[in-house]
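Okay, here we've got a single chain as structure tokens, the form predicted on its own, with questions on binding and movement later.
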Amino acid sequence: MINIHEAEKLILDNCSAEKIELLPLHKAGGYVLAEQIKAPIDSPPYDQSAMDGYAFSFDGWDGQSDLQVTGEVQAGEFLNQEIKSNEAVRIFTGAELPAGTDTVVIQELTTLNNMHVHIEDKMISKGKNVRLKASQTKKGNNVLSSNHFLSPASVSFLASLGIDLVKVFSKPCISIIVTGKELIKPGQEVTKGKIYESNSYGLVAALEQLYISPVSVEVTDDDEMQIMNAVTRQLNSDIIILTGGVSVGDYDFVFSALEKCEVTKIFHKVKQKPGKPFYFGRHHNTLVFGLPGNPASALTCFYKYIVNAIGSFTKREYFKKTKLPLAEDYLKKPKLTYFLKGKSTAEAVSILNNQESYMMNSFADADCIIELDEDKEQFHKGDIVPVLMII
């Protein structure tokens, strides 16, 4: 049996090289750039008005005379005439400044009389209320680096530069297989011996936190052939996640099914609680994870290990890792790393009640997972411990 650090290293050592794909910009949100982006245009592409008002030449104005209004220009239009020193044009936000103008006075600080505008802005200065050409980005300059996360703002920014295709690191193709003869879907009536299946719901929701949707979700009985068939159908995925059937009971068939599917075991069992039966294997470039069936164990192993494997594909770190003082004393068994559901503040982290691996009520309230070192038994209030934030 290996420790958690050996497990983490073995997983990352077996992650395949990243894949890169070309995506339409409207589908690229949540991905990470795999290229450096240079501005294809100046932005703004021309001097434009930042306000509704009147455009004029500041140096051509004597500072007191009214200016004759000789035209109007809306956003999206172009006024093909040069404005003289004693003239102004009505202009609207986003419109290109006509030749001969360099300043805009907002309409609220003007008076219009018989097509002559009087400027009442005592603080007016040259270039006021004008967005200069290339003031945001200059054509050819680097604007976003490789490994930049494409947030909604980043996508909007690239769209404003006219970019419609980007190279990104591909998200892994992930399949979920849940095993258990006792499982029924939520919404059905519970009969004797049955429980509601929750692992697939939790894992799908956890993947959606990462901007990833699984390509397949299957639920099978505790039957070796059914499990083999399900695994075989998904071996073209980058990652297969199985839950249940990874221990040593008479009806735990996942390990034998994976062997018969020619999945190479990398490790099976980790010195941790919960999630001791955790399994990791590989079939060519497909990573295979076997999680315990207890829902708290399954979700803990997902956040601790599988998220890092997904990040090796997408080039992202998904959840903040920090250290906080414990809010209370805690006694644990030695030679096992404990992962405990916790609730954090800026000052400390509290260990929630109901830590058993089948209980999800505490996990529903948790915002973090607390890690307690395998070699230590007694933890005291104020001890600094590693914390993985999960929301």
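We number the residues from 1 along the sequence you see. Predicted, not measured: the structure shown is a model, and the values here were computed from it.
The form predicted together with a further copy of the same chain exists for this protein as well; it is not shown, and the discussion that follows is about that form.
Student: With a 4.5 Å heavy atom cut-off, would you call Phe58 a contact of a further copy of the same chain in the model of the complex?
Tutor: Output for Phe58 is no: heavy atoms all beyond 4.5 Å of a further copy of the same chain.
Student: Please tell me whether any heavy atom belonging to Gly76 falls inside 4.5 Å of a heavy atom of a further copy of the same chain, as the geometry stands in the model of the complex.
Tutor: Answer yes; at least one heavy atom of Gly76 falls within 4.5 Å of a further copy of the same chain in the model of the complex.
Student: When the contact criterion is heavy atoms within 4.5 Å, does Gln81 count as touching a further copy of the same chain in the model of the complex?
Tutor: Close contact is absent here: in the model of the complex, Gln81 is far from a further copy of the same chain, nothing within 4.5 Å, heavy atoms only.
Student: Evaluate Ala230 for contact with a further copy of the same chain in the model of the complex, applying a 4.5 angstroms cut-off between non-hydrogen atoms, and reply yes or no.
Tutor: Looking in the model of the complex, residue contacts with a further copy of the same chain do not include Ala230, since no heavy atom lies within 4.5 Å.
Student: Looking at Asn147, Ser135, Ser312, Gln226 here, can you tell me which has any non-hydrogen atom within 4.5 angstroms of a further copy of the same chain in the model of the complex?
Tutor: Residue within 4.5 Å of the partner: Ser135.
Student: So a further copy of the same chain isn't shown here. In the model of the complex, which residue out of Glu218, Asp102, Asp121, Glu72 has a non-hydrogen atom within 4.5 Å of it?
Tutor: Here the answer is residue option Glu72.
Student: Which one, 161-169, 121-129, 238-246, 256-264, holds residues whose non-hydrogen atoms are within 4.5 Å of a further copy of the same chain in the model of the complex?
Tutor: In the other structure, the partner sits against 161-169.
Student: Listed by sequence position, which residues of 373-391 have a non-hydrogen atom within 4.5 angstroms of a further copy of the same chain in the model of the complex?
Tutor: Contacts from 373-391: just Ile391.
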